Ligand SMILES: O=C(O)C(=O)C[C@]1(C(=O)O)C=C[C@@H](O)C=C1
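Take a look at this single chain in structure tokens; it is the form predicted alone.
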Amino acid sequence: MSQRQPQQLVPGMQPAVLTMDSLLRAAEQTVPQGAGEASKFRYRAAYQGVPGAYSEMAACKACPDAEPVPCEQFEVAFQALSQWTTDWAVLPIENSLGGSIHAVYDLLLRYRLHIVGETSIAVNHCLLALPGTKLSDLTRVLSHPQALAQTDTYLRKLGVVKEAVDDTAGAAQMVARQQLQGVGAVASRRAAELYGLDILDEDIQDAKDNVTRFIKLARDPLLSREGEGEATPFKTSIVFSLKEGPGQLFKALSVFALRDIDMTKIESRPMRTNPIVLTKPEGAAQAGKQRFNYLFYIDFVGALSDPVCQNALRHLQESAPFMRVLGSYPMELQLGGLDSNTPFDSINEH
């Protein structure tokens, strides 16, 4: 694998953040965006945020031979991969404290992309500010809403006003670019290095076990275990709906229990196109009741190529009007194996 060198960002030299408008303009060009530009990387991996975001570190860990491409929003990363602007996209799917990232779950259904891997980062938040700033000087702290929630106890003790922005590294970038006096940012150690900020304190999260899990997306699925070995455990992610009636969820989940298949996660989301349904018992004269119409996202241990998993999914289709496999991919065995305080140029060694 190629060795990633430390990146130093200076004004005017920062990588452009992809937006929906820039993708639309690129799609109208005859020559693909970036053609002819020299690059030491053969591939590109999209992530949401700006350089210094935890997602950038996850992208580098999941795709060590790819150039990380910052994107303004989750959907821009999906679009970049769908339009062949990048080769992969690496996006957060859940956090041990904040739970599931629902926007990503909804986008998985809208785009025909495939999960081909997963990775995780142990998040250690730092409090950053302009050089020379003291903790007692701070009156306001910026960061992503989840980062602010994860450091709530610490920030309340400081007596500062919390202000939410789009992402952690973006908060650090804002403090540096606008030279905001008396304003701090909750972000990564790398963000401090990139934007020339001082680290006033580190590991300030209220709960120390703060791990974010990311998924790696590609345009094509992994069709076999080739190159992984039979001993490598796989995980498969699916989404499905249910028929009306009592016991339908129990029937759906029993197809895994009957075959001793270990389910690692279940997530329900109301359908975006038909979120409310009217239920009416058969033969009943009175009006039915309204309820939410759900989709269920499930992760289970096993490869799609395993006969026992294939039989379970065939069985599931008997009670599921809709079902789709989102991906079958190597399972990460050590959550948070990479710490966000790890020097950026040594990520490939993990």
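The first residue of the sequence shown is number 1, and the count goes up from there. This structure is a prediction, so every number in the text was calculated from the model and none was measured.
Separately, the form predicted together with this ligand exists; it is not shown, and the next lines address it.
The site on this chain is open, since this ligand, superimposed from its pose in the predicted bound form on the surrounding C-alphas, has no atom within 2.4 angstroms of any backbone or C-beta atom.
Site residues 101, 144 and 214 are all in contact with this ligand in the predicted bound form, judged by any heavy atom within 4.5 Å. This ligand in the predicted bound form comes within 4.5 Å of no heavy atom belonging to residue 69. Although the partner is absent from this view, residue 234 stays clear of this ligand in the predicted bound form, with no non-hydrogen atom inside 4.5 angstroms. Contact annotation for residue 184: none of its heavy atoms lies within 4.5 Å of this ligand in the predicted bound form. For residue 126, no non-hydrogen atom is located within 4.5 Å of this ligand in the predicted bound form, even though that partner is not displayed.
You can rule out all but one of 316-324, 46-54, 294-302, 61-69: in the predicted bound form, only 46-54 has residues with a heavy atom within 4.5 Å of this ligand. Only one of the listed residues (74, 195, 88, 240) places a non-hydrogen atom within 4.5 angstroms of this ligand in the predicted bound form, and that residue is 74.
Out of the listed residues 150, 79, 120, 133, 150 is the one that sits within 4.5 Å of this ligand in the predicted bound form by at least one heavy atom.
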